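Coming up is one lone chain in structure tokens, specifically the form predicted on its own.
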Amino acid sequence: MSQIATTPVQTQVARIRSPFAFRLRRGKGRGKLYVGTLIVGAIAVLAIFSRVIAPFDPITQDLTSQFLPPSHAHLFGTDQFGRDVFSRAVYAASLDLQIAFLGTLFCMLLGVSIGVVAGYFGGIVDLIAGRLIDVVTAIPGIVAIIALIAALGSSMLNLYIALAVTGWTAYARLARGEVIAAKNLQYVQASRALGYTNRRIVLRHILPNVITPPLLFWITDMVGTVLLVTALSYLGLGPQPPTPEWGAMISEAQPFMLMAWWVPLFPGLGIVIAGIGLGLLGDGLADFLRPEVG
């Protein structure tokens, strides 16, 4: 059987495509991806169905049931107000995942938008964006967030605003670098030659090819956001009592750690498990989508 001849164009396409052959075929990173997805999925199920899973109201107090140890009636025991710790931990999962998701989502949207515009147009636009990034990163993030919340007031909306204002710079730098590398490639030059508008080139040709690194960073950034919100709640700047939140639960239980170890233990385990799950999910996706070099 005679071999089918390949044209120079086909050979060039094969050379261009080969570096971007994803590792899906070899299965690299799938273990971490599966475990991370399982952990995050389990926490998401708890968060979504918290009203069904939680056996007690997370806010209702029962002073006759203070500091009951873990038992069949109260799986995680009760706190200083007689509230069921398991119910509060389940409801807190919903709030913490919501903050981690929405807080980082606003950061990603803002940062990617600024980075793509700066990287594509360059010049004075890139200079202004660069100076703005320098100004924001010059102030420690936690200090800026505390200052903004103190100035605006402690509420969920102000928390999201503070997270978005201080957390977009990493996404902007990632997107800017990817766009600078992509805007001179042949498919972008061909789009310009065909007379496509800048809007179409950016949205339909450049953005889909540069969005993967910011998306991967978004997942791992959720881990830092969970820990950050926990620290803010511990300082009294996060969701206010009696709203169940992991960090706030640990802060409220601090004076009773020696006499009721279960009250801070289980919210702390929730934070650790959520961090491990999101970390494994991010690392697994990075390995899963990383292109082959050879």
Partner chain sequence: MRYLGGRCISSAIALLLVTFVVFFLVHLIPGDPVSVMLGQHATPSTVAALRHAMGFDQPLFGQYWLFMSKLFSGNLGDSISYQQPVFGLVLGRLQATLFLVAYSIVLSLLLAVPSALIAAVFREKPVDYALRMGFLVAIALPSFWIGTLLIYQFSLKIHLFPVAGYGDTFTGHLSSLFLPAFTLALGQWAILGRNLRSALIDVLQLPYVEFARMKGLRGSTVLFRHVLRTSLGSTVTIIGINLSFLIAGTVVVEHVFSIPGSGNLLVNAVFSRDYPIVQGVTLVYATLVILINLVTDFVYPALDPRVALT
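Positions refer to the first chain, counted from 1. Quick caveat: nothing in here was measured; it's all calculated off a predicted structure.
In what follows, reference is made to the form predicted together with its partner chain, a form of this protein that is not presented.
- Contact check for residue 49: every heavy atom lies farther than 4.5 Å from its partner chain in the model of the complex.
- Interface membership of residue 45, defined by any non-hydrogen atom within 4.5 Å of its partner chain in the model of the complex, is ruled out.
- Proximity of residue 208 to its partner chain in the model of the complex: non-hydrogen atoms within 4.5 Å are absent; the residue sits far from the partner.
- Interface residue remark: residue 177 is not counted as part of the site for its partner chain in the model of the complex, having no heavy atom within 4.5 Å.
- Although the partner is absent from the chain shown here, none of 38, 82 and 252 has a heavy atom within 4.5 Å of its partner chain in the model of the complex.
- Stretch-level contact analysis of 138 to 146, 87 to 95, 188 to 196, 109 to 117 against its partner chain in the model of the complex, using heavy atoms and a 4.5 Å limit, identifies 138 to 146.
- Among the residues 73, 150, 125, 203, the one placing a heavy atom within 4.5 Å of its partner chain in the model of the complex is 150.
- Looking at 251 to 284, the residues that come within 4.5 Å of its partner chain in the model of the complex, counting any heavy atom, are 254, 257, 258, 261, 264, 265, 268, 269, 271, 272, 275, 276, 279, 280, 283.
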